[in-house]
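This document opens with one chain alone, in C-alpha cells, the form predicted on its own.
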C-alpha cells in the first residue's frame, strides 16, 4: 500500500517520477537489480493513463485497453506469472462504417482471408505487404509516410486503408502522414496473434503491480507532486517535492518529455543544440471518452468486444480529430471482463485536439460535453437499441480532463510524434543521471510500448549507477 511522503528517506539510488506503466516497470527492474528505489506519484492512484475510477457500483477503465500478444511475453519476463495469467484475447473485433461491416479476430491469418476474399486483393500483394511491415524497425528510412505505404500496395483503395489504419490510429494517435515505421511496427505486433486485454480490469492489474513493487522493496508515495529536478554542474542531485529535497544520483522521469525538460529540469540545464531538437517536438493528440454504466439488473447482447464505428464516408485522420467526429470506438465491458463484478459498462473513445476544448468558455465547454454524450448515445443505439433505458451513469472526459489528472502537455493520450523518441533517448547524455521513460515517438506508446521502454531505460539507469 503506498505511503505518504513523510515516510520516505532522504536519499535513494534512484527516484522515479510518475507511475505510468513505463515508470512502474523501470522501478520494478531497478529494485530487482538491487537498487534502493523511490517512486513518486502526484495522484492518489497509480497507473498514469492505465487507471480507473468508480461511480456508484461501476468501475470504469480509462483509455482503450487492447494490446498485442507481445504483452504476454513481456509481462511473463518482467512482471509476474499471475499478471501474465490474467491476459486474455478479445476474439470479436467489429468494424462498421459506410465502406464495410465485418467481424475479425484481428490477426494475420484472419486479415489475410479478409483482404483476399472480401476486398479482392491478390495473395502476392498481401504477402508482400505483411513482409514489408514486419521487417520495419527504428533504423529504417523514416521519410516514407503511412499514406505512401498504403498507396504503394493498395492504390486508390480507401476501404483497405481504413481497415488497416483506423484501429492503429485509436491505439497510438498516428495519422496517414506520420512515418510508415510508426504504423508498421505497431500493426505487425497486433497481427502476431490478435488483440488482448487484462481480465479483471485495470484496477486489478495496478494492484498486482503495486504488490510486486512493494515485495521488491520499492518505496511508493502518492499525493507527491515533484516541483523540480535538481541539477548541479551537469549532474542530477535529486528532486524537490512538497518543499522537501530528496537526493539521488539518478532520476527517471515518467512525466511527458516536454514536461520533464521545461517544467521539471528547466531549459537552463540543457545545451542550445539539444533545446533546438526539444523545441521541435510535436505533442500528439488527446482523447475524449464517454463512460456509460448500466443498471444493476440490466444486460445487453454480446455484439463484440471492440467496435470500431463510423458514419464518415471514408477514413480521414482529420475527421477522427474533429470535435464533432462521426467516428468512435466502443469498448464493451461484459461481466466476463471483471469476473465477480457482474455489471455491464461501455467506454466510448474518440481522438481529439486539446485546443478545440481549451478555447471554449465554461458555458460552451459544458454544452459541448453534453452534446458529446448525446452523439455517443445516438451511435450506441445503433448496436444496442433501447440501451438508454438501461443506463444509470453517464460521464464524459475531454482533453482538459486528461491534462488535469495526468499533467500531460495539452492532455496528450499518446505522448509525442516520432521526433520525441530521439530526444527522450538522449536526455541522459545532456544531464548525467537524468533519464526519461514514457510515451514518445508513437512507437513507445500504448501499454506494451510503455512497459518495453521501461525495461530499456532501467538497463540504462542500472549501468549508469554502477559506473558512478
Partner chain sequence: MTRDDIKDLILEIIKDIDEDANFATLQSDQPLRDQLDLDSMDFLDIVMELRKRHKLQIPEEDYPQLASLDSCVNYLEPMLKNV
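Positions refer to the first chain, counted from 1. What you see is a predicted model; the values in this text were computed from it and never measured.
Only in words, not in the display: the form predicted together with the partner chain, which the text now covers.
Undergrad: Answer with yes or no whether residue 282 is in contact with the partner chain in the predicted bound form, where contact means some heavy atom within 4.5 Å.
TA: Judged by the heavy-atom cut-off of 4.5 Å, residue 282 is well away from the partner chain in the predicted bound form.
Undergrad: Within 4.5 Å, heavy atoms only: does residue 458 come near the partner chain in the predicted bound form?
TA: So residue 458 counts as contacting the partner chain.
Undergrad: May I ask you to state whether residue 77 is within 4.5 Å of the partner chain in the predicted bound form, using heavy atom distances?
TA: Result yes; residue 77 sits at the interface with the partner chain in the predicted bound form.
Undergrad: Indicate whether the partner chain has at least one heavy atom within 4.5 Å of a heavy atom of residue 33 in the predicted bound form.
TA: Yes, residue 33 is a contact residue.
Undergrad: Counting only heavy atoms and a 4.5 Å cutoff, which of 432-440, 24-32, 47-55, 405-413 contacts the partner chain in the predicted bound form?
TA: This holds for exactly one stretch, 24-32.
Undergrad: Heavy atoms within 4.5 Å of the partner chain in the predicted bound form is the criterion; list the residues of 390-426 that meet it.
TA: Only 425 sits within 4.5 Å of the partner.
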